[in-house]
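Before any questions on how it binds or moves, here is one chain, the form predicted on its own, in structure tokens.
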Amino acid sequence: MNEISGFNLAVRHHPALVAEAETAEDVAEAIAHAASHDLPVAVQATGHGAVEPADGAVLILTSRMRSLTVDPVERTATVGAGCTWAEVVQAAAPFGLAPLCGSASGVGAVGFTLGGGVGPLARTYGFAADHVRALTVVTPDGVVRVADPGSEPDLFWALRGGKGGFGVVTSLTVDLFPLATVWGGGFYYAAADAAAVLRAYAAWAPGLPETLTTSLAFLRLPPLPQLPPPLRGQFVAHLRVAAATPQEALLAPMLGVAEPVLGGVGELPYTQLDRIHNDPTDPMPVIERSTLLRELTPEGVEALLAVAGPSLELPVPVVELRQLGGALAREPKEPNAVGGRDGAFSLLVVGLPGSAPDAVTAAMAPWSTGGSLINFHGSDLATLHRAWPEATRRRLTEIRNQIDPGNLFRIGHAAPR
């Protein structure tokens, strides 16, 4: 069924029943059916975050839950579970406002936020989950609840960063920011310059203020005709930068490292934020692995080049470093379950089916915090506990055992038990 095919084609669902929900009451009915037949429950909007097949489960599709309201006075958006960030961005733009979306606006807004959410401006504004005001959720007992700082405080804490396992979030209310435009872009460098660019980046990034958010990716691009000739079928290093206001002076140390084959920076309408990372928009089968780095030393750079550099033929299209720190390192006013605040960089490895992206993250173990970001963790469910500090993990376990004693939401184990 096309309805159950998500973005990651490596995860194929074979559910016992598919429920295409349009209301919270539809969700409650599907959960009640699952409970009465002792079936697990799985949830999907866009399928970007799928990590385990929903085989034999009641698969609740939330893609039809597309309610979307922008309050320009309160600077908030109330977003249905089926909405993508692109829809929220477009709805907020006429008011000169914008949400903290990810680098690819086709991702579902709710799933992205429940997993924390690291976007192109994350070092300045923090995790998307840090700016959630309220969530409507149908819990495993079939009750529709509103979780906010004054109601269901444990659930409010857990849902923001705990990712899943507590019910089905049907909508959430998030802060919007006065961002009509964003300053940013990227530079693509040839394979011959990739090592020099990575070495320079590792020396440059730690000294940056939190007004600038950066990332660097090694991309092994396919020979697709829609790609520009300098990128088509090539290995490139892609430096990305983004800020709320122009930061040209901060770029100076990187601009003299090598001549890019393509790219540039400038002011963009926020509605064109995707142009900074240029993430793929077509569904594909991938296997993801990630780890958090406490630092990126010269030795760590050479280790990464040895396992993922341009001289290697790998079935690994993406090896990406996202700089963390800044606002990402601070607890929000209303604390939440987001993990990874101690990381300096997030390392994400995207492999094709049959590949072993774990080899790249394993090589970086000496520089790892041992943690990961849950949205990037991938399908290695045996190590899912790494996504949260121990105290956070214990509290998530306690809350989940209380809210889901029958373990209905066991698909993906997106919250520990």
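Residue positions are given as counts along the sequence shown, with the first one as 1. Treat the numbers as computed from the prediction; the structure is a model and nothing was measured.
The next section is about a form of this same protein that is not shown, the form predicted in complex with a small molecule.
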| Any idea which of 194-202, 332-340, 113-121, 173-181 reaches within 4.5 Å of the small molecule in the model of the complex, heavy atoms considered? | 113-121
| task | Kindly confirm or deny that Leu208, Thr245 and Gln247 each have some heavy atom within 4.5 angstroms of the small molecule in the model of the complex. | result | no
| field | Option touching the small molecule, based on a heavy atom within 4.5 Å in the model of the complex, out of Val257, Leu231, Leu305, Ala104 | value | Ala104
| Given that the small molecule is left out here, which of Ala57, Ile31, Val360, Val43 has a heavy atom within 4.5 Å of it in the model of the complex? | Val43
| Hey, in the model of the complex, is Arg160 touching the small molecule, heavy atoms inside 4.5 Å? | no
| query | Hey, in the model of the complex, does Arg322 get a heavy atom within 4.5 angstroms of the small molecule? | reply | yes
| Taking heavy atoms only, is Asp279 within 4.5 angstroms of the small molecule in the model of the complex? | yes
| query | Though only this chain appears here, would Val88 touch the small molecule in the model of the complex if you measure heavy atom gaps against 4.5 Å? | reply | no
